[in-house]
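For reference, the chain that follows is the form predicted on its own, supplied as C-alpha cells.
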C-alpha cells in the first residue's frame, strides 16, 4: 500500500524507467549501448549493496568482489550441472551469497574498524584461492559460457540481459529505500553513529548487523549471477578483480552513504564517466579517475554529492 506522495512518485519513477528500458530495446539496435548501460547497472547494484553494510551500518567491507564472484560462479556451476534458466540461477546465487553473508557476518562482525575490513579482505583471498583450485568451474584457466543466439521477445541475448539487469537494479534500489526508512534502518543508523550507546539503549545490534550482511551478500550475488552470460568467459582474476571492490566502495562514498539515493547517484556519475573515458581515451584511466574523485570527495565533501545538495538546500532556506 502506498502511504505517502513520495512513495507514489518513487514507484512511478521506477515503473517509468523500466518501461523506458523496454522501449529502448525496440528503438535501438546497436548492442554497444546495452553493454555500456549493463555495466553501469551492475555497478549500481553493487554500490547499493555495499552501502547497506558500509553506509547504513558503518562497517567498511573490502570483500565485496568475493560475494560478486561467488554469485557468478554459483551461476556457472548450476548452469553446467543442471542447465537452469537465468531467473533460477539469479535466485540461487542470491540465496548462496546471502547465506555466505550471514556466515561471514557471524564470524567477523564482532570485529570493528580496520580489523573488520582486513577480515573481509582475507575472506575474499581465501575464496579466490578456493575457486582457483575448483576444477569443475575451470579453476585458474577459466570457463566459457555458451549463450543462445536467439531469444524470444528480444533481438539479441544482450538485450535480454540488459532488461533483466534493469529489473534487478530497480528492485535493489527499492529494497535499499525500504530498509533505509524502516525500523531496521533506524537501528542500523544508531549502530553507525554509536554502537555502544545503541546497545545500551536496547538495540539488537548483532541481529541487525547480520540482517545487513545477509541482504548485502544476496544483492552482490544478484549482481554477479548474470555476469558469466554477459562476458561469456569467467576466470578468478576477472571475477575477483580488485577494481570491482574499489568501485563498490567509491560509488557510495562519492554519492553519499547516509541516504539510499547516494550510491545510485555515485554509480551513475562514476559509471557514466568510466564508460565515456573507455570509449574516448582508454580503459586504463578508469582506476585513476575513480581514485582522484574519491580523494577529492573524501577531502572536500565527505558526505558526498547528497551531502553537498543537502547543505545547499539548508543555506537557501536561511
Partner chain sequence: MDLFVNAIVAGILLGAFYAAVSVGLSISFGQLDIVNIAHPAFVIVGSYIAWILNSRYGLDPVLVGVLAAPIFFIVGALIYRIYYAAFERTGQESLSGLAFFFGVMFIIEVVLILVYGVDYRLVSAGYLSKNVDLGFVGLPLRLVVPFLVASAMTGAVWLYLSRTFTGRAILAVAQDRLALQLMGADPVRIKQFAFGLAIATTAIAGALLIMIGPVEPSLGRVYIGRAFAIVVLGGMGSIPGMVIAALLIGVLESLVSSFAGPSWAPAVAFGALLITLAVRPSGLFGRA
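Just so we're clear, the structure is a prediction, and the values are computed from it rather than from any experiment. Residue numbers count along the first chain shown, from 1.
There is also a form predicted together with the partner chain; it is not shown, and the following applies to it.
Asks: Counting only non-hydrogen atoms and a 4.5 angstroms cut-off, does residue 153 reach the partner chain in the predicted complex?
Replies: No.
Asks: Is there a heavy atom of residue 298 no more than 4.5 Å from a heavy atom of the partner chain in the predicted complex?
Replies: Yes, residue 298 is a contact residue.
Asks: With heavy atoms only and a cut-off of 4.5 Å, decide whether residue 294 touches the partner chain in the predicted complex.
Replies: Close contact exists here: in the predicted complex, residue 294 approaches the partner chain to within 4.5 Å, heavy atoms only.
Asks: Does residue 271 reach the partner chain in the predicted complex if we count a contact as any heavy atom within 4.5 Å?
Replies: Contact check for residue 271: no, nothing within 4.5 Å of the partner chain in the predicted complex.
Asks: For a quick test of understanding: in the predicted complex, does each of 62, 119 and 242 have a heavy atom within 4.5 Å of the partner chain?
Replies: Every residue of the candidate spot has a heavy atom within 4.5 Å of the partner chain in the predicted complex.
Asks: Work out which of 91, 111, 139, 174 lies within 4.5 Å of the partner chain in the predicted complex, going by heavy atoms.
Replies: When the partner chain is considered in the predicted complex, the option within 4.5 Å is 111.
Asks: Could you work out which of 95, 107, 167, 206 is the residue within 4.5 angstroms of the partner chain in the predicted complex, going by heavy atoms?
Replies: Contact residue from the list: 107.
Asks: Looking at 41 to 49, 27 to 35, 285 to 293, 261 to 269, which stretch has residues with any non-hydrogen atom within 4.5 Å of the partner chain in the predicted complex?
Replies: Contact-bearing stretch, as computed: 285 to 293.
Asks: Using a 4.5 Å cut-off on heavy atoms, which residues of 128 to 144 contact the partner chain in the predicted complex?
Replies: Going through 128 to 144 in order - heavy atoms within 4.5 Å of the partner chain in the predicted complex - the hits are 129, 130, 133.
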